[in-house]
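Take a look at this single chain, the form predicted on its own, given in structure tokens.
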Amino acid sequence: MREVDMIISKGRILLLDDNDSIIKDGSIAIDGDSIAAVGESVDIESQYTGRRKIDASGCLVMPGLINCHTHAAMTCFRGIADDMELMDWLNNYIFPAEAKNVDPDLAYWGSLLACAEMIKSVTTTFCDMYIFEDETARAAKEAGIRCLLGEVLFDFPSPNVKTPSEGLEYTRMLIEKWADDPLVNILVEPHALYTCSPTLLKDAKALADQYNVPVATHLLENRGEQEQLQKLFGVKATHFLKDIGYLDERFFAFHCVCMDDEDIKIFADHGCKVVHNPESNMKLASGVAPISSMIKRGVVVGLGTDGCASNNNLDMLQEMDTAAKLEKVERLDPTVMSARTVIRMATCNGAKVLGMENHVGSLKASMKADIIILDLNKPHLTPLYNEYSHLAYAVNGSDVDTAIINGTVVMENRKLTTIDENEAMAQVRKIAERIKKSLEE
């Protein structure tokens, strides 16, 4: 018998592998930060003994969800500017509020609160773009949640840096500081084509290429942006990106609402990925991204919540439900965007978008132990005919009992073990009072 750190026993295990395997009575052996073995309970427990054992009887065990796009610290701006169009919301409310209020303290506490919210609603990995991202990295590290993050790059000053070159140097610092960290990963993130000059975009790509890290940006979020970029460049946005050497397998874009068939083909031909943010797109009336067409063409698509100022939560289970139903009503076809499709977007395909598919997104030996356990003994989850259906259309965040990230239990019996959530909420409430006063000035 091999002794390991932990065994999750007798659960219904959803592997999210290439075969969509489900083990009805399965166990997982965890040693250190990784999965040692997954299989039938009788086999695992005849070969392994755990220093700790978690009984998952009556529970669904699966990979943690991957939130491929958010702005974590914007929990501090939840609900300040609702029910308006994207550019009005961004230019007249969000950018001014950020300029007056964002500092390292806000970035840290807002991010820590986001980590608490995400863990409690089954997210174990998130991709972040915001300001003072070293503070977000610190919060994520303390919370024990996996992340891929980058400092937002603009042509104009942000609360953190005065010039584009300072932003690039801050990003370089992040890459070097967090290199080889087990949880914190860094990418390069120019905000958008309408807020970054061609020079900044090229310099950002060069930095990403130098360190072999991903690069990501907001792209074609609504019709107004599409028309603005066409006038600015004289060509389609995807043609511009192709011309400046942006399009490769390490590039992914957020939103992509206004991509046509040619744009989708260009992305597919170059191995670029897309992150779908349906609830934010709906709330800002940006439109409906042609996700089914992207998937049909072979574009890998992940799922993200966007930030709390435009969603207004970080619940990936809710995002899956919305993604599935929105596509069906947009296409008037109930067969598109199946439950299986959106769950894979939030797990194994999300991992591919972030370049993490060899570490997270599915359950198999040698993968990192990022695992969630959901209690199925609930009225709204009874009876169970299909696991994918329940996850897409019935499960909610409060059904998650236990979350394990990198082999560490970060939530047990709905109680966070790495975050004092009451302190995080209290600190964000204090910050919110400051924000309220600034908005009245």
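Residue numbers run from 1 along the displayed sequence. No experiment lies behind these values; they were computed from the predicted model shown.
From this point on, the text means the form predicted together with a further copy of the same chain, which you will not see here.
In plain terms, the part of the chain that comes close to a further copy of the same chain in the model of the complex, with a heavy atom within 4.5 Å, is 328-336 out of 123-131, 328-336, 202-210, 182-190. With the partner removed from view, the residue among I371, M345, C147, C76 that has a non-hydrogen atom within 4.5 Å of a further copy of the same chain in the model of the complex turns out to be C76. Note on contacts: among S41, T408, S34, N396, the single residue with a heavy atom within 4.5 Å of a further copy of the same chain in the model of the complex is N396. a further copy of the same chain in the model of the complex comes within 4.5 Å of a heavy atom belonging to S389. In the model of the complex, a further copy of the same chain stays beyond 4.5 Å of every heavy atom belonging to S158. Within 4.5 Å of any heavy atom of a further copy of the same chain in the model of the complex lies no heavy atom of R52. A residue is said to contact a partner when one of its heavy atoms sits within 4.5 Å of a partner heavy atom; K415 fails this definition for a further copy of the same chain in the model of the complex, lying far away. Contact with a further copy of the same chain in the model of the complex, defined as a heavy atom within 4.5 Å, is made by none of P96, K242 and M367.
If you take 63-102 and check each residue for a heavy atom within 4.5 Å of a further copy of the same chain in the model of the complex, you get T75, C76, F77, R78, G79, I80, D82, D83, M84, E85, L86, in sequence order.
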